[in-house]
Each structure stands twice: as structure tokens, then as C-alpha cells.
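Just the one chain here, the form predicted on its own, laid out as C-alpha cells.
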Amino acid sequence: MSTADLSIDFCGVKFLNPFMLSSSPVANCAEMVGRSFDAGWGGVSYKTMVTDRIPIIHPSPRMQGYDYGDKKLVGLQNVEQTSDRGLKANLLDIMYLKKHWPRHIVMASIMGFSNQEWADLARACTDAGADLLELNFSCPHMTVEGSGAKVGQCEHLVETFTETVRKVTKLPLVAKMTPNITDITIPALYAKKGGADGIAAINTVAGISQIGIDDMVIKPNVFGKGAMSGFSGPAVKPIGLKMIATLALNRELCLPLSGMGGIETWIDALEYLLVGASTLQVTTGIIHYGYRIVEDMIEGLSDYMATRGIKNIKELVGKGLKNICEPDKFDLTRQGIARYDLDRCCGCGQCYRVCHDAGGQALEWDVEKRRPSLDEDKCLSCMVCSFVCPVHDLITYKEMPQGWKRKETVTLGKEMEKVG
């Protein structure tokens, strides 16, 4: 049995493990969250609450799955707003959760539509027993003017509202950032200035994943209308990882991070840890597979740690940051080529086609044997052939000896010069 310790401190609060439900439909009420705790999740960012001053009515339909080929739900488009439940019901649910699962962490997500509302919500959630507060500065499709990502894109409002909440509660504050901005560190630094103890990223990426080709309406189609709205799921993971790494590398910020965006497997989770996240939030993965995915993530991460002699998960946080550099720091004296294990080749010819249309035109094709033949001097090491090969690891990268040089590309221009 694994002896790996998955517990972790985040903003001074101890989590049983780093896995959390993110503020979303998967964390909408105590009944749902309680079941997730029983399944193994360490905490929740309870779905964003608002005051009852402005009623929240969700569009219908509110979500649209984005498939790619045979792969289901590589992304999720949604126009769902904050919680449409009354504030009292949500506060009672938080009290219920803390009474029945006292060791699990409840981070209450809040969003005010005025300075006073931020203060009122913070006080109410503190009194209800929440362990932390997450300040939602990031929902990209709020229907209430001047809220969500509109606030997150205005750093002075981020500072003002964070400061307002800081004055009325001693709970750790986690500011949730929008990726729909040029430099995510700017609002994060203003949140820190206002008193934030941690940063969460990313909320959904504003996008248009699909348009109906018959009705010409963006999906989800809400009775003939569509909106640029939040896109999540595995397709946005590269953006989420980049944003967390950017925040982690900022020496002025230096705050604990909660990462999210496309986490579905223990490898996804590990990647977020390696670029600096301490806790990990999930929505789309749960929508796809249910709360049970946490079992695989815990087991996979535990086994990974055990095989490498890593006893505590905090040892992984930020371990990959030292290997991130600017492209001009690459060692260009080291070059390589593609290497083929032709004994395993199935003869499909995909490598040949892609090399000629998108690579170095370094492959010839033996029609009788149905095998590629590589001209090593022309190979660009782009590795596109390996991306399309249906046989796993048949095509791999091979470093060439120091001093090896690629053959100069023949251009039509030089051929023309010879003719001339």
C-alpha cells in the first residue's frame, strides 16, 4: 500500500488531498458536495453565491458539449451564471457540510454586484463556517453589468473589492482570475495588494466552440440567440498550465495557487502541481465521468509518488518551474532526427504523407514493401510523423552526434539559377 501523503497546506488551511470541486454546477448544493466528499474529494469551492437583490435566471439550454472526432466532451461551452439558489439556502448548506464533514474544506465562492454586497456576502459566509473565501472576479458571461470577468479585467476594482472583503473577515481570501486578459499577473498583484492570501486560475476561456450550420446560431442555441461564453475542459488545459506557471514564476506575487482547467486524470493533476499549483479544482471532468474520477487521480498520484520515493505532495509543487525558459535559451548545438522501428510498421503511409505535406520531405516510400525510407540529412526533427503514426512509440526522437549538420534545403530559386 502507498505511504504517500497527499495532504497539503493551502493558505494556512490543511486539505486531506489537493482535489476540489470547482465553483460550478458540480458544487451546487450540500447533497452533491457531501457525496463528493464521501467519494474522496478533499474540498470544494462552493458554487458562487450572490445576494438576493438581483435574481439569477439561467438561460435554457445553458451548456453545449464540444466533441472532436470520436472523442466526447473535449470541451464544454456554457452560459450558466452564479448560483440561482437563495442565499439563505446556500448558507445553511455550508453549515450542514461543516457539521457533517468537518475535516473537509469548504471554500465559499462569492460575487458582489456592489462594494457593500461583497462585504455582506463575506460576513455571511464567515458566520456560516466556511474555511476560505474565493472571490469570483472571473466569470466571462455574467448578465449583471459590471461583474465577473469585467471586474477581473479592471485591476483597481479587483483591489478595491478584495480590500473590502479583507476588512470584514479573517478567513483566507483566494482571488479567482480570468484568463481573458493579456497578463494575468497584473490583476493577481492587485488582489494581493488588496489582501488576498492566494490565487485561483483559470476560470473558463471566452470562446465560440460551435455554430449551427443550418440555423447559423452559436451554441448553446438559446431560442435563436448565442453568446460568446465560457469554454472549459481538456481543450483549455494548455492555457491553464501556462497561466499557473506564469503566476508561480512571478517573484513579486509569491502566493499559493489553486489550479484548474482541463484536469481529468492524475497526470493532468501532476502537471498542475509541477507548475506551481497546491490545490486542484475540477468541473468538466466530473461532468464527463462523475465524482468517481477522484479515486483514479488519488491512486495514480499516490503510486507515482511511491515509485519515486516522494513522501509528501508538497515536494512536487513547482518542481517543473526550473525547467521553463525563453526559446532563446535553447541549446541549438544539439540536434536530432526521427528514428523508425520498422519491424513494427503497419504500412499505413501516414508518416510519408505528412512528411511531404508538412515536414522536411525527408521520407521516400517503398510501394512494394509499404515502408518509409528516411533521408537523415533532410529530417527536420519536427516529429510530425510520430504524431500521426498509429503505432505507439514506433517513431521516436534520436539525438545526433555533436557537429552533425542538416542538409541545406534545396529551393526552387537555386534550381532556377542553375537553369539560368
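Every value quoted in this text rests on a predicted model; they were computed, and no experiment measured them. For every residue, the number given is its place in the sequence shown, counted from 1.
Although it is not shown, the form predicted together with a small molecule is what the next lines describe.
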*Just one of 295 to 303, 248 to 256, 212 to 220, 197 to 205 has residues with a heavy atom within 4.5 Å of the small molecule in the predicted bound form, so point it out.*
197 to 205
_Contact residue in the predicted bound form, chosen from Asn78, Asn180, Thr164, Asn90 - any heavy atom within 4.5 Å of the small molecule_ = Asn78
*Given that the partner is absent here, does Met260 sit within 4.5 Å of the small molecule in the predicted bound form, heavy atoms only?*
yes
*Examine Ala39 and determine whether its closest non-hydrogen atom to the small molecule in the predicted bound form is within 4.5 angstroms.*
no
_Asn17, heavy atom within 4.5 angstroms of the small molecule in the predicted bound form_ = no
*Quick one: is Thr283 in contact with the small molecule in the predicted bound form, heavy atoms, 4.5 Å cut-off?*
yes
